[in-house]
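Only one chain is shown below, in structure tokens, and it's the form predicted on its own.
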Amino acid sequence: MIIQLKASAGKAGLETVVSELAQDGVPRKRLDIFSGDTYTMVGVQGDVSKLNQDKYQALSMVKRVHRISDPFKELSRQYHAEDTVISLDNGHQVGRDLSLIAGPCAIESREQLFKTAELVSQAGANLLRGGAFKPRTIHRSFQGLGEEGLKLLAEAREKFAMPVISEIMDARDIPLFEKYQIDIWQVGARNCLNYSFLDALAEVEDPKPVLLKRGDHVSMNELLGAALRLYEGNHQVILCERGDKTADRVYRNVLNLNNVSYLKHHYHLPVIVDPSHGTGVRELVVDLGMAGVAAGADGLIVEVHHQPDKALCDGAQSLNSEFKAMVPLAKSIFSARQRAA
């Protein structure tokens, strides 16, 4: 980190900065001080991840603070060059194997969940998704089955021998997710920057993998900051790109594949693409899913329903027979990408 002092700072201003750094645990021997004709620069050597950049920027004698190292270095490839691989109980490895996560947006009934689970299992999915708690814009809309949904999901896991993923919305539900042994806990887009919630998940004593969805218009720095909060207590973090709202109402969201490629080049966490929420349009889901895998994604999370036209949630973006056609395409692109690496 480099702290640039104002021309008017003088020796007193420099000593104030040096004193503040000492109070924050940075001794003078770790400082490189360069004095020019106009400005003085203070270079701070070593790990500065715990220094509050805003604090130093706010000092009256400071002109600008430059952070040189990646503030999310624990997630960066400079710190951890190899891909993070998360092993599930059935041997599936997120980050190494192609993860094909499929199932209904919301669990509506045992029949609906089991018929959809059978469909995606036979098509080649290796993880089953199912929403038990559903955050809806209109509170009168179907909100999910709650604990009963988790119970059905756990039952489906045993019957179809597939790990399961479901969205957790509140720290108070942590005991339920533990009780039903949900394999991957999803943090939805609306909770992406809910820091107290993320901190609670990071403090779970026996943590499960967490899939963190990027919220609407959440920047890369904000997403990585949220991921780092989880990572400090649980290294099993999976990032998920699911698009942004735009002025164009043809689509629910526009999938940002720049983010997928950027994250895979610079950071070591697995990245999953959600082409269902990323488009909101059924006929676009397969195409955008393939583009996501080509861009470097480690897998897809796709909404599938055995009767999409009767779905209580997100039927317009849910696949049916299309998912069966999607799986071999995704596998072929993933294999080609691996051969080219």
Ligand code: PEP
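Being a predicted model, the structure only gives us computed values, none of them experimental. One rule holds for the numbers: they count along the sequence shown, beginning at 1.
As for the form predicted together with this ligand, it is not shown, yet the points below apply to it.
Heavy atoms within 4.5 Å of this ligand in the predicted complex are found in one stretch of 154-162, 120-128, 78-86, 182-190, which is 182-190. Mapping the unseen interface onto this chain, residue 150 falls outside it, with no heavy atom inside 4.5 Å of this ligand in the predicted complex. Within 4.5 Å of any heavy atom of this ligand in the predicted complex lies no heavy atom of residue 208.
Within this chain, residue 230 is remote from the site of this ligand in the predicted complex, having no heavy atom within 4.5 Å.
The closest non-hydrogen atom of residue 271 lies beyond 4.5 Å of this ligand in the predicted complex. Proximity to this ligand in the predicted complex holds for all of 105, 213 and 242, with the criterion being a heavy atom within 4.5 Å.
The partner is not shown here, but in the predicted complex the stretch 291-321 reaches within 4.5 angstroms of this ligand through a heavy atom at 303 alone.
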